[in-house]
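This document opens with one chain alone, in structure tokens, the form predicted on its own.
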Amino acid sequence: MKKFLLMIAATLMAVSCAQNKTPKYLVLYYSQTNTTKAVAEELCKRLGADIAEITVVNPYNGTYQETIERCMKERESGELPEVNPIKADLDAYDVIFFGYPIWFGTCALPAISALKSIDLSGKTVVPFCTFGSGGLEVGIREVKTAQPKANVLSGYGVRSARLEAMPAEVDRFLKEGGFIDGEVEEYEAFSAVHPASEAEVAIFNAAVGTYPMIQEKATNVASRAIPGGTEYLFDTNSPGIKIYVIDLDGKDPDFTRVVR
């Protein structure tokens, strides 16, 4: 009987340990200009995670224009660049933070190629990306399409021009998601949507005016207070396109992302 009770105790302890096991994290990323790499390294540092890079067999080593032309050709033909084997045992990880730059409004082709060469079924996948104007939502949909049996969560994205804000944003993102301990100040809900006032239009124009790829005009807006200033969510004259703008004390207004 004593041996039997010891066996039960050992079994219960093993079950308890399994239930309370700390997830094992891997940060897996592709980076063309080291911008996405910077986000990957910040995630790695805060999570205590392992890290692995996606590399291309035939790297994009040409000039900026040559790289653009190659990408356009590959997109038009449906061709994906061949990627090297990933130097990590994916089976050993519970949560994969999957990172990539946004090219032409969606995941960079090497990231898509890597997604189609691996199986993340049953794993939790957290996308993260860097972009010129936006693409977070489209990129997440690409990840879900490529890995339909994975649990793909909402992700994090940052404009390359705002990389200095990234460490604090990553910290908040990880705490809000329960990946690391710590409390964050809750943001209030956005106000009701209303026609943008002349002052609000001026804030919108100041935020996007120097970015050549945005031609939209502000129509309606909602706003909320955030630490150090105000965040706006503008509707535009292009159906379905919304733009987030922050106006922080002592700084010029800036847009954080475009949602298409």
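The shown structure was predicted, so the numbers you read here are calculated from the model rather than taken from an experiment. Don't overthink the numbering: it's just position in the shown sequence, from 1.
Not on display, but discussed next: the form predicted together with a small molecule.
Tell me which of 220-228, 46-54, 30-38, 190-198 has residues with heavy atoms within 4.5 angstroms of the small molecule in the predicted complex? Checking each option against the 4.5 Å cut-off leaves 30-38.
So which of 170, 112, 140, 102 reaches within 4.5 angstroms of the small molecule in the predicted complex, heavy atom to heavy atom? The option sitting close enough to the partner is 102.
Is residue 206 a contact residue for the small molecule in the predicted complex, using a 4.5 Å heavy atom cut-off? No, residue 206 stays farther than 4.5 Å from the small molecule in the predicted complex.
Partner proximity in the predicted complex: residue 117 to the small molecule, non-hydrogen atom cutoff 4.5 Å: The answer is no: residue 117 has no heavy atom within 4.5 Å of the small molecule.
Just checking whether residue 71 would be counted as a contact of the small molecule in the predicted complex - the rule being heavy atoms within 4.5 angstroms. Result yes; residue 71 sits at the interface with the small molecule in the predicted complex.
Whether residue 134 contacts the small molecule in the predicted complex should be assessed with a 4.5 Å heavy atom distance threshold; does it? Flag for residue 134 set to yes.
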